[in-house]
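Here's a solo chain for you in structure tokens, the form predicted alone.
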Amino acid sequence: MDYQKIKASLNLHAVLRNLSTLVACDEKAREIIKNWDLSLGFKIFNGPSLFLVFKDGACRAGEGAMEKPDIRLFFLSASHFNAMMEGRAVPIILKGFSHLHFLRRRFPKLTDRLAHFLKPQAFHFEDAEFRRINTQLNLSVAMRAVCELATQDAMGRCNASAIPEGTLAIQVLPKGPVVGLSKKGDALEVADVKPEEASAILRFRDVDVACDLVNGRCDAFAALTRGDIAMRGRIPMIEAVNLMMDRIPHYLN
């Protein structure tokens, strides 16, 4: 699979899908969508699909085509979708012309809020609440990106094959967040994993440590030697996932 197609899969299933995570952890995002009651479907020609459902102040995301979304957006190619994500193109509206105001004025407020956390400026890290949300979103994006790379990227497939069956929990102490992966057979997927039951655990001492690491603001080896990071259980699982995470910036930057 070529670069643009892999990038589109990550943009769709690792980035855009995490609007649901944003709404769950950010009060301002919940305020933006509080009166929304509609669904959106995204479809890339000869490529993946995603749907978003906004209702009762929450956002639900799912892979695949939704049968009857209120708005259906179509993209001629992976490159077309990637250009839309970068603000250089617009989708083709197949359904939902009555919602043009929503698409032009309201929905961008939510996607801009996501970009605020995923593409921060240095001064943003001075705010503790920003660091918390940024960390949760980055970890969630990373785990979903790893799952996409496991099937679509040559290096990702190689590293995924080295992951033993079981579960991995990435935990930020003392109160989370916790994100998890499950490997069964050849399938790697995001899963709710309890750290005490996981096959392998990667723990960060606190949100500040996790935030600095996921944003490349400190050295992982130095953090490990200081005890800011701890690893338990099946270490090869953690090492393989880390290698796959290192591959993400090749497609998302």
Partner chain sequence: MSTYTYKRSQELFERACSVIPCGIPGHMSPAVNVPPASYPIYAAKAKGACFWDVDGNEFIDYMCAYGPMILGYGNEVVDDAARLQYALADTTMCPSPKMVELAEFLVDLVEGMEWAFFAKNGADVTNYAVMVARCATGREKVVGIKGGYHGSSAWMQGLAHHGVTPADASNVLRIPWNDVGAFEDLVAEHSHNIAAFIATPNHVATFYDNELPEEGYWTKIEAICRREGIVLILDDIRHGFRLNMKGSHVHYGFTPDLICFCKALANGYPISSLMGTDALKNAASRVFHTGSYWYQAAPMAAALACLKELKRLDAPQWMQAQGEKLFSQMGELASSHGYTLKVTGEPVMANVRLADDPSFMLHQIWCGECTRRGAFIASHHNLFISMAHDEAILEKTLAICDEAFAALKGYQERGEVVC
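Numbering follows the first chain given and starts at 1. Quick caveat, the model's predicted, so the values are computed rather than measured.
This next part talks about the form predicted in complex with its partner chain, which is not shown.
K.L.:
Give me the residue from 103, 94, 158, 118 that has a heavy atom within 4.5 Å of its partner chain in the predicted bound form.
P.N.:
If I apply the 4.5 Å criterion carefully, the residue I get is 158.
K.L.:
Using heavy atoms only and a 4.5 Å cut-off, determine which of 40, 44, 198, 210 is in contact with its partner chain in the predicted bound form.
P.N.:
When its partner chain is considered in the predicted bound form, the option within 4.5 Å is 198.
K.L.:
Though only this chain appears here, would residue 246 touch its partner chain in the predicted bound form if you measure heavy atom gaps against 4.5 Å?
P.N.:
Yes, residue 246 sits close enough to its partner chain in the predicted bound form that at least one of its heavy atoms falls within 4.5 Å.
K.L.:
Could you confirm whether residue 187 comes within 4.5 Å of its partner chain in the predicted bound form, counting heavy atoms only?
P.N.:
No - in the predicted bound form, heavy atoms of residue 187 and its partner chain never come within 4.5 Å of each other.
K.L.:
Residue-level question: is residue 219 within 4.5 Å of its partner chain in the predicted bound form, judged on heavy atoms?
P.N.:
Although its partner chain is absent here, residue 219 would touch it in the predicted bound form, with heavy atoms inside 4.5 Å.
K.L.:
Heavy atom to heavy atom, is residue 162 within 4.5 Å of its partner chain in the predicted bound form?
P.N.:
Contact check for residue 162: yes, within 4.5 Å of its partner chain in the predicted bound form.
K.L.:
Check 232, 235 and 239: does every one of them have a heavy atom within 4.5 Å of its partner chain in the predicted bound form?
P.N.:
Answer is yes for this spot.
K.L.:
Among 84-92, 179-187, 150-158, 67-75, mark the stretch whose residues have heavy atoms within 4.5 Å of its partner chain in the predicted bound form.
P.N.:
Within 4.5 Å of the partner lies stretch 150-158.
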